[in-house]
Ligand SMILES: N[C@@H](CCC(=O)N[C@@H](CS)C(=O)NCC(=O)O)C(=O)O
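Okay, so here's just one chain, in structure tokens, the form predicted on its own.
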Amino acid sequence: MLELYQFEISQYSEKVRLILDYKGLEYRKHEVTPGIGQVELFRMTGQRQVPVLKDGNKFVADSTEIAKYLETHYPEQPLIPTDSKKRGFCLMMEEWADESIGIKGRKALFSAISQDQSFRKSLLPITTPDLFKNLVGEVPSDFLKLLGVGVGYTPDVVASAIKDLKQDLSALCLILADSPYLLGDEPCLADFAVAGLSILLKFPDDAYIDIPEALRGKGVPGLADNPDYELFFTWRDRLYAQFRKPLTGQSNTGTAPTSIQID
């Protein structure tokens, strides 16, 4: 069985999970604890960042490389169009989604966690003790903003990211206004990249990700609750309903992850 080393709340991990579900592939999730778990991941794979896919004795890192690997080795339910022009647009849009929605989405979510303690708790690994989660939830907003400045998430940077994301969502709504998928009548890698990477803007309504139930359907103020982008999020939720498998509580596809073990 395929194995996915991941962070449950990582939008890049979610992109891979969505692709795996679309292809109908069974996989087991391993939650990597930030810090010590990443050291163990590096010992096994030479890679500290998630997601990492394990297929037999082979490890594949990076969501884009994982998608390409799956397309080559598991060609059923193809991700990339054969038509040259559509193929080019698909690959270009997938890269754009990684660099725009993926990176800017983190900055936008920072504005939400600075204001809402439930968002702060949701970003912690699912194995984090409740006591520590409660302590994080009580951290003052001003202190979080100061920490954000320290890592480059200044108010201007966050505001700029949100502004750019509004333009991105508007553009996506225009593309999807008369088309079921981004490139026409069939889904492709671009669709799954855009949809999966958007989870930090607004969490899915149903139980696809192991987060507190109260957070489902919630997201970044001004984006998740903006009627101008309702078409996009309706499309995203429809894509999930079609292809994403909900959590079942078991140890295989569409389930809560097991924690990576440290020797």
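Residue numbers run from 1 along the displayed sequence. Nothing here was measured: the structure is a model prediction, and the numbers come from that model.
Omitted here: the form predicted in complex with this ligand. The next part is about that form.
Trainee: For the chain shown here without its partner, which stretch in 23-31, 205-213, 59-67, 225-233 has non-hydrogen atoms within 4.5 angstroms of this ligand in the model of the complex?
Mentor: Among the listed stretches, the partner-contacting one is 59-67.
Trainee: Hey, in the model of the complex, does V50 get a heavy atom within 4.5 angstroms of this ligand?
Mentor: Yes, V50 lies within 4.5 Å of this ligand in the model of the complex.
Trainee: Report yes if any heavy atom of Y12 sits within 4.5 Å of a heavy atom of this ligand in the model of the complex; otherwise report no.
Mentor: Close contact exists here: in the model of the complex, Y12 approaches this ligand to within 4.5 Å, heavy atoms only.
Trainee: If we define contact as a non-hydrogen atom of the residue within 4.5 angstroms of the partner, is K163 a contact of this ligand in the model of the complex?
Mentor: No.
Trainee: Spell out, yes or no, whether the shortest heavy atom distance between D98 and this ligand in the model of the complex is within 4.5 Å.
Mentor: So D98 counts as contacting this ligand.
Trainee: For the stretch 221-238, return the residues whose heavy atoms include at least one within 4.5 Å of this ligand in the model of the complex, in the order they occur.
Mentor: Residues within 4.5 Å: none.
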